[in-house]
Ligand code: HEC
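Form predicted on its own, single chain, as structure tokens, below.
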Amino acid sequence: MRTIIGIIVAVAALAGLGGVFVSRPSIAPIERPQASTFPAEAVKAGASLAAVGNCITCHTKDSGAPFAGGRAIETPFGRIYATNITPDPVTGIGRWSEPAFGRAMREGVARDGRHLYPAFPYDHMAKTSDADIKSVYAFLMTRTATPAPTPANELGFPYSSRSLVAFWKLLYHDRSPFKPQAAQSAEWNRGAYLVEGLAHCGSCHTPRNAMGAEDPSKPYAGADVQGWTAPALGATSDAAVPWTADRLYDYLRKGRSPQHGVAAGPMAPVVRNLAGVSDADIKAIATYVASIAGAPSAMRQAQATQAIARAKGEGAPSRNAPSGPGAAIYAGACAQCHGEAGRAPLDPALNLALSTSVRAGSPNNLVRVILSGIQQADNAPGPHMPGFATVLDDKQTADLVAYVRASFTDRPAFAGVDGAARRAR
């Protein structure tokens, strides 16, 4: 990959094209608009759209002011820091005009003409309508202005070169607007517009190629993100029970689905932000995402029926469940809430026969949930699970994972559990 990128940069330099593509005109700064100049309706709409886009999560560092940036985003090419998008006139976007903001959203170009790194998903934001960009701008420009310089990105050459970003765009950035499909319902098209645009779901759920762009041949096939695995949403989903629009709505609205599990890891703040989004938009998103996998096959339905029966205690306990340390750890730490193989749990905690994390191709999510648990922000009500990182060492974690996998699924043992545990710590 480094060789390929180096060749691209060298060819561009030899051809004398680097300056042509890298140099974009700046847009003149403006005096920071007063918050009172933005209509309340636009600000309200922008708040909902920004929640769909999960903007606050990426643009707020731990213990930092909302939208003031500074959060480190780990990429295969180095560390990139999210920028300050409060209306501070010096370190934020306070002197950005609406056209400058719109160009950044659609083209990935800052007000001063610099190309923005595609860690900011402008490849999705480009599908946002003029009216919605105007509303998001109104919302951000009415936030509290917070002086907070953005740390310098930690990228080695050639990744530190903005010229590389320019050529990346030539190869991978589609700036075409969203086009509704006449054969689909208004709800489906609304969901498609949000999912493919502001919600940028493909940024996490689609694998990327060697250049860091989404692989168009594997849409929503799942990908590793921040040490977690964003599961496949299409036909290759590992879910025990196929997702439906109603189940997706429950998950996105409540943060949990009785047939699938609880929102954790990078998905947890997404669900928290969606609390400020209308039911109509949540249902539209659910309708579109459910359509990605299509109708389940007869075999898929049969597998789901078996998984549900097992979770209800109607199936025989697994004969593959190993005895030994993993079984003892599970009995002492997990069984009271999650039940045992072939037996329903004693309380509403998810039966692990239905857990996507237990059935997945990678142990990443299961290991991270075991070690870190599931907590709600600010101790808000919702699903809760204690973490066991201070109780279990890597060997014990691997024993527990092996037991759970063999007890609750018919899938082969995970590979690489030890490594997943070390990375999670």
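No experiment lies behind these values; they were computed from the predicted model shown. So that there is no doubt, residue numbering starts at 1 and follows the sequence shown.
FYI, the form predicted together with this ligand isn't displayed, but the following is about it.
So, 161, 213 and 406: all three within 4.5 Å of this ligand in the model of the complex by heavy atoms, or not? Contact check failed for every one of 161, 213 and 406.
Which of 256-264, 303-311, 181-189, 167-175 has heavy atoms within 4.5 Å of this ligand in the model of the complex? It is 256-264 that comes within 4.5 Å of the partner.
Interface membership of residue 337, this ligand in the model of the complex, 4.5 Å heavy atom rule: The answer is yes: residue 337 has a heavy atom within 4.5 Å of this ligand.
Taking 4.5 angstroms as the cut-off for heavy atoms, does residue 252 touch this ligand in the model of the complex? Yes, residue 252 lies within 4.5 Å of this ligand in the model of the complex.
For residue 291, is any heavy atom within 4.5 Å of this ligand in the model of the complex, or not? Flag for residue 291 set to no.
Does residue 77 reach this ligand in the model of the complex, with heavy atoms at most 4.5 Å apart? The answer is no: residue 77 has no heavy atom within 4.5 Å of this ligand.
Under a 4.5 angstroms heavy atom criterion, identify the one residue in 225, 126, 221, 148 near this ligand in the model of the complex. Exactly one residue meets the criterion: 225.
Considering this ligand in the model of the complex, which of 55, 30, 45, 389 comes within 4.5 Å of it through any heavy atom? It is 55 that has a heavy atom within 4.5 Å of the partner.
Stretch 383-401: residues contacting this ligand in the model of the complex, 4.5 Å heavy atom cut-off: 383, 384, 385, 386, 388, 400 sit within 4.5 Å of the partner.
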